[in-house]
Ligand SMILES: Cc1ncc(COP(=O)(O)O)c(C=O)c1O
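Have a look below at one chain only, the form predicted on its own, in C-alpha cells format.
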Amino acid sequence: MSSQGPLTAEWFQRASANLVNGVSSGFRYLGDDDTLVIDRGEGAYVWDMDGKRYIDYQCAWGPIILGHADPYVTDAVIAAAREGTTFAMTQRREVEAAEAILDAIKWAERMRFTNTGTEATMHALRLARGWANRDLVVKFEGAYHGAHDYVLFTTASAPPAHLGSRLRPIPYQVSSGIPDGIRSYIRTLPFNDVDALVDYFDDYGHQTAAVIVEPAAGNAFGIMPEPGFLEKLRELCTSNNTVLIFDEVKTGFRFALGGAVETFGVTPDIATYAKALGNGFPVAAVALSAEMVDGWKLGGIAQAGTFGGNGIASAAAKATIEQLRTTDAFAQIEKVGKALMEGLARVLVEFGVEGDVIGHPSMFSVYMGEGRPIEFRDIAAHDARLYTATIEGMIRRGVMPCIDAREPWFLSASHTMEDVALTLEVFSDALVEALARAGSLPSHLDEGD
C-alpha cells in the first residue's frame, strides 16, 4: 500500500523528473511509492501535499527542537534577511550568535561557524591531525559523523556480521568512491567497551591523532554511554596526547542547553554542533578548548567557508538558544519524552514483544529484540521486519517516526501529552496489525482487538 495520496504522488513524479530519485539526500528516498513530499510544517506536525497531517517524530532527523516554523526564530531570520545575509567579513549577527553559543556550552574558549555537521566534523578532524601531527583517527562502530570520506566506515548501515573480531575490528567501507588508502588512517572500536579502548591505546595511542565519538549513538538506536565509558575515554586521550572530539551534531542543544558535556560531565577538546542549533536552519559550529585554539589561530591548518556565519544562520542560532534558555522547552521535552518512552515500553510488554525503549527523552529508539543493546553489534538481534511493518502502519495512521529503527524518534518542545496519547493508541493498533500479519499475535488477542 502506497504512503502517497494522489497529489503527493503527482508531486513526487515532478520531483523525480528533476531530482535524482526525487530527493536531495539519499536518506530521504523510501521507494517510488512511499517517498513523501511535504507541503508545510507547524509545531509538532507536518502536512503532505494531500493535506494529510502527521505527528512528526523525525523532526528533520533532529534539527527541530522548538517546533516547525517557530515564530520567534522565523522573525529573527526575516529581520536578518532584510539586512543582507553574506559578506566577505565578520558580521554583527555572527558575533552575537558566537557569544550565545559559548555562553550556553560553557566549556569552550573559542569557536568558528560552518554550515553542516559534515563540514564541522571534517574541519574538526583536520584540526586534530594538524595539531597532533599524527594520522590515525578512531571512530566507534555504528556512528555516523557526516558524509565525507574519512568517516564513512562502519556506520549504522554496515552489516554487523562483517566487522571482524571485537579484538581487532575491521573498518567497513559503506560507500564506493572512497580511495583505498583512506582506510589505513581509520580505526574502529565497539562503543561502550572500556577493555577494547584500553587495549587499543596500549598499542596505538602514540600514533592516534583523535578519537571522534557521538556521546550517545545518534544513528544506532540512541544508545547511551555506560557509566565510566566517556570518563575513561577522556583519561586515555589525555594521557596519550590524543584529541578527543565530541560529535554533538545530534546531542548538542537537544540533551540540554550545554549538550552532552552538561549531561555527562565530560569535556572534549573539540566539539561539533549543528541540527538543533538552528531549529531547522542550516548552521553548524566547531567549538575549541583553550589548548586547541592555536591550531587555527596561528595558521597552517586550513579552515574556510563562504557561508559560515552568514546572517540567516547566525540569527537562527541566536534566536533558538534564546528560546531554549528562556522558555520551558527542555522541561516540556523531558516530560513528554519520558511519558512516550514509558508508554511505548508498556505496549511492548502488553503484546508480548521482547524489546526496550532506549535513549534520552529528546532522542530515543524502540528496540524489538532480546536483551538491551549497549553497542552497535548488539542490534543484530533487532526484529527489523516487525518494526518496519509497525512504523508503516503508524505512518498510514498519521504518526511519523523514521521507518529505520536505527534512527531515533526525536521530540520537540511543541509535542504535547495529547500527542503522546494518540501516538500510543496508533502504535498499539499498528503493532497488533503487524503481529497479526506475521502470525505472531498473542493468543489473548485477535485482529479485532
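When you see a residue number, it is the position in the sequence shown, counting from 1. Note that the structure is a prediction, hence the values are computed from the model and not measured.
Beyond the structure shown, there is the form predicted together with the named molecule, which is absent from this document and is the topic of what follows.
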Based on heavy atom distances of 4.5 Å or less, which listed stretch (101 to 109, 154 to 162, 249 to 257, 81 to 89) is in contact with the named molecule in the predicted bound form? 249 to 257
Contacting member of 289, 240, 173, 118, with respect to the named molecule in the predicted bound form [4.5 Å, heavy atom]: 118
Using a 4.5 Å heavy atom cut-off, which residue among 360, 275, 123, 318 comes into contact with the named molecule in the predicted bound form? 275
Is residue 332 part of the interface with the named molecule in the predicted bound form - any heavy atom within 4.5 Å? no
Does residue 113 make contact with the named molecule in the predicted bound form, using a 4.5 Å heavy atom cut-off? no
Please check if residue 205 has a heavy atom lying within 4.5 Å of any heavy atom of the named molecule in the predicted bound form. no
Can you work out whether residue 219 and the named molecule are in contact in the predicted bound form, taking contact to mean some heavy atom pair no more than 4.5 Å apart? yes
Under the 4.5 Å heavy atom criterion, name the residues of 142 to 172 that approach the named molecule in the predicted bound form, in sequence order. 144, 145, 146
